[in-house]
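In structure tokens, one chain follows: the form predicted on its own.
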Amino acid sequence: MSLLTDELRAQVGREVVYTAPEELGAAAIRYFAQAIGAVNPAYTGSDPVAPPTLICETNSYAGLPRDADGYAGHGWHLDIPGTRLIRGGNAYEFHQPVRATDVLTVQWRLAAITERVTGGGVPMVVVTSVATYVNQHGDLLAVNTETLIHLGSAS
């Protein structure tokens, strides 16, 4: 039995956009750097730049509600019965430093959904998303290609 349904296939190409309600701010940069243990002096001072992955944490500026699992970040909330969700990884491209005065907008696009089978014969659905981050001037800041895996159970 296939996990990949027509309803899932119809999700490919879906997009959502989140825009922060204000500038990122020096305090947010400093707090994030402290939280991840980053001591680079570029993250503090009068004109700090953000640690690269700060903008990839959509929940830090999008104001999204928590889902049933307590997660407050972006999600497609795909219903694939009999599977559990695991992270497949992220590939980041950073195009320019993010400044405290940047107002962030991220556009998430569901780029692909494919079905595969593990070496052990377990079915899985692989979901590939692309998040594109820009500032209020439309300057490209970063691109995050994220892979999520909905892993079925062995039969």
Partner chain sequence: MIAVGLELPVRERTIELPDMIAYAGATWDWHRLHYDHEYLADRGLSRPVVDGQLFGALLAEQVLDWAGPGARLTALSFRFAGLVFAGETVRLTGTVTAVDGDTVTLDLRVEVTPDGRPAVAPAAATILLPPAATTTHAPAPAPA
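Numbering follows the first chain given and starts at 1. Predicted model only: the values in this text are computed from it and were never measured.
Absent from the display: the form predicted together with the partner chain. The rest refers to it.
Self-check item: Contact flag, residue 91 vs the partner chain in the predicted bound form, heavy atom cut 4.5 Å
Solution: Result yes; residue 91 sits at the interface with the partner chain in the predicted bound form.
Practice problem: Would you please decide whether residue 47 lies within 4.5 angstroms of the partner chain in the predicted bound form, comparing each non-hydrogen atom pair? | Solution: Although the partner chain is absent here, residue 47 would stay clear of it in the predicted bound form, with no heavy atoms inside 4.5 Å.
Self-check item: Exercise: residue 53 in contact with the partner chain in the predicted bound form, heavy atom 4.5 Å
Solution: Yes - in the predicted bound form, heavy atoms of residue 53 and the partner chain come within 4.5 Å of each other.
Quiz item: Is there a non-hydrogen atom of residue 96 within 4.5 angstroms of a non-hydrogen atom of the partner chain in the predicted bound form?
Solution: Residue 96: yes, in contact with the partner chain in the predicted bound form.
Self-check item: Contacts with the partner chain in the predicted bound form, stretch 12 to 42 (heavy atom within 4.5 Å)
Solution: Going through 12 to 42 in order - heavy atoms within 4.5 Å of the partner chain in the predicted bound form - the hits are 31, 32, 35, 36, 37, 38, 39.
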